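Shown here is one chain on its own, the form predicted alone, set out as structure tokens.
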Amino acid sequence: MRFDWDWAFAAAILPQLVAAMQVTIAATLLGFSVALVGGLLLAVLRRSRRRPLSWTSTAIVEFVRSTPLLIQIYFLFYVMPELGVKLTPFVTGVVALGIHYSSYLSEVYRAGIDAVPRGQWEAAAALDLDRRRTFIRIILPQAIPPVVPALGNYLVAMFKDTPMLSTITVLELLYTARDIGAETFRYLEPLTLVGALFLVVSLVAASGIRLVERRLGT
């Protein structure tokens, strides 16, 4: 392994790494979409008046938050096929990221919902709105905007966790960099470029989140 930087080699492998970045970004966006929906569902179930639903949701959140993401990825990839559920590595990674971050986003949603003044529920009841319409039309529009910064932070965190998908052969950025290194015996350029690409995308995402915050006035 050599430590002299080769600009020509770096330029040659950059298109391959950029292509792999597209896989990384796709896994992040799809996984986060799953987490947004799953987290909201878990948060709603935790507030259910039916104790079995509330207890089940709480147990799922605590279990997922208390186990490493890598173990969850391995479980879905190696154990689920033995139970008859076979998914591609990419879909497995998206599902694992979605489930893992659903547990965290459920807490974010819950904090936002709890922050809505109880008077809003009472006013909706006075207007004869049922619980479902109250939740969708009155509570959620007030609960979501304040938690957008926290949701954005978890989006960036999920993006930085995607290299774990390389352990199940998803051709994302880190897997591609290691593959290039194994073929050329040069790791300095590919791994440095991977770090730089993660930095650039994370900074762009953070800027986008701050822009959304300003527009929402949070």
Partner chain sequence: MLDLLPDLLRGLVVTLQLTAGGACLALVLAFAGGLGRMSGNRMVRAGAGLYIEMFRGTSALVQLFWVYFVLPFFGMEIEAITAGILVLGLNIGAYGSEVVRGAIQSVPAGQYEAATALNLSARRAFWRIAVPQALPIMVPSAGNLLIELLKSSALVSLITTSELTFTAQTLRASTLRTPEIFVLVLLIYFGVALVFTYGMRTLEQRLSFWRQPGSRA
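Numbering follows the first chain given and starts at 1. The shown structure was predicted, so the numbers you read here are calculated from the model rather than taken from an experiment.
A second form of this protein, the form predicted in complex with the partner chain, is not displayed here; the remarks below concern that form.
- Only one of the listed residues (136, 85, 71, 127) places a non-hydrogen atom within 4.5 angstroms of the partner chain in the predicted complex, and that residue is 71.
- Distance criterion of 4.5 Å from any heavy atom to the partner chain in the predicted complex singles out 191 from the list 191, 41, 150, 26.
- Proximity of residue 202 to the partner chain in the predicted complex: non-hydrogen atoms within 4.5 Å are present.
- Interface residue remark: residue 208 is not counted as part of the site for the partner chain in the predicted complex, having no heavy atom within 4.5 Å.
- Contact annotation: residue 104 falls within 4.5 Å of the partner chain in the predicted complex, judged by heavy atom distances.
- Among residues of the shown chain, residue 187 is one whose heavy atoms approach the partner chain to within 4.5 Å in the predicted complex.
- Residues within 4.5 angstroms of the partner chain in the predicted complex, judged by any non-hydrogen atom, belong to 73-81 and to none of the other stretches in 90-98, 142-150, 73-81, 112-120.
- Taking the partner chain as it sits in the predicted complex, the stretch 41-62 comes within 4.5 angstroms of it through a non-hydrogen atom at just one residue, 62.
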